[in-house]
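Only one chain comes next, encoded as structure tokens, the form predicted on its own.
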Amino acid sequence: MPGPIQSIERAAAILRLLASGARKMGVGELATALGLPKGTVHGILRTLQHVGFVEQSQDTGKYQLGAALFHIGSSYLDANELRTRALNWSDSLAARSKESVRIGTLHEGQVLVVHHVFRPDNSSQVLEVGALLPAHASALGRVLLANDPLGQPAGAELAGFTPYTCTDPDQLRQLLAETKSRGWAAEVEEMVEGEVSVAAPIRDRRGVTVGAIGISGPIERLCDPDRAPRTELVSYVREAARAISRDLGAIPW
């Protein structure tokens, strides 16, 4: 049986080392830590950078893990597993909020709804599992974009669905930065007039955002008179997201 391929072992060692700390590392640091010649390490880094597995800072010349690895790593948790882990918590969120609940993941720049819990009343509702939502105009999408290293593609045209939809890329970037900082997102009548949605990220044991959970409903129920989402509803959504994340092995926060 053929033995292990040395170059792949060394590339894996570099990736593990870069993943072990928050700071960026230079060629010399990596070479010293791994006991390898600088030329060997530099050659491997150039290849890893070419395929998007590492990124180099233009300011310092040091390296960090790249966005391509993020997408490969997060793909281990498929939609079925995410839905299975979230079943009880999404039902509980619907009961507490008295609104419909959706769980979504990013799919080709849109939000794929992988689970949908009906609003707990007798009103007529349509199952949305499998539906695709615009990422920039939905709370689920903003949570996912804010926690995706690639984020909203540069120069992407943002479709308007209502007079309130954010269609300005610079404004969207600001909204995504705010979303990442505070840990939740909301959209008020941006996708459908009269409707509001609130969402929070679901993370796995590595801290990677693998999905988002949120509620949606009419503005008169979800918002205060100043059009801000009701505080208690935001808390319900965030608590559900944290509970699912704990089930996925995330460190409680």
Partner chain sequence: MSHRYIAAIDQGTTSSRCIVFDSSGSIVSVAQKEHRQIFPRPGWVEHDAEEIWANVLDVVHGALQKMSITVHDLAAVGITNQRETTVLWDAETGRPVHNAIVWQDTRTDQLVRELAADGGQDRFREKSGLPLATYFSGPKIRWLLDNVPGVRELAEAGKVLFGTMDTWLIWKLTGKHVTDVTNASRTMLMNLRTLDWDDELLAAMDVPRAMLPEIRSSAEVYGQATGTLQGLPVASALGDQQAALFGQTCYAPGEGKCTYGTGSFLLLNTGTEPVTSANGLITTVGYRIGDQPVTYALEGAIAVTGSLVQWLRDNVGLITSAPEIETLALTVEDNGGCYFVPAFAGLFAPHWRSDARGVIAGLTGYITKGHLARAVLEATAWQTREVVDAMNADSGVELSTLKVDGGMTANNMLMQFLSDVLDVPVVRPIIAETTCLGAAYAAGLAVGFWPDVDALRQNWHRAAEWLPAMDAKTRDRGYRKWRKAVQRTMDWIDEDDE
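The structure presented is a predicted model; accordingly, all values stated were derived computationally and were not measured. Numbering follows the first chain given and starts at 1.
Keep in mind that the form predicted together with the partner chain is not shown, yet the notes after this line are about it.
Among heavy atoms of Ser92, some come within 4.5 Å of the partner chain in the predicted bound form. The partner chain is not shown here, and in the predicted bound form it never comes within 4.5 Å of any heavy atom of Lys180. In the predicted bound form, at least one heavy atom of Phe118 sits within 4.5 Å of a heavy atom of the partner chain. For Ala131, no non-hydrogen atom is located within 4.5 Å of the partner chain in the predicted bound form, even though that partner is not displayed. Using a 4.5 Å cut-off to the partner chain in the predicted bound form, each of Thr84, Asn122 and Leu127 places a heavy atom inside that distance. Screening 102-110, 161-169, 138-146, 84-92 for residues having heavy atoms within 4.5 Å of the partner chain in the predicted bound form returns a single hit, 84-92.
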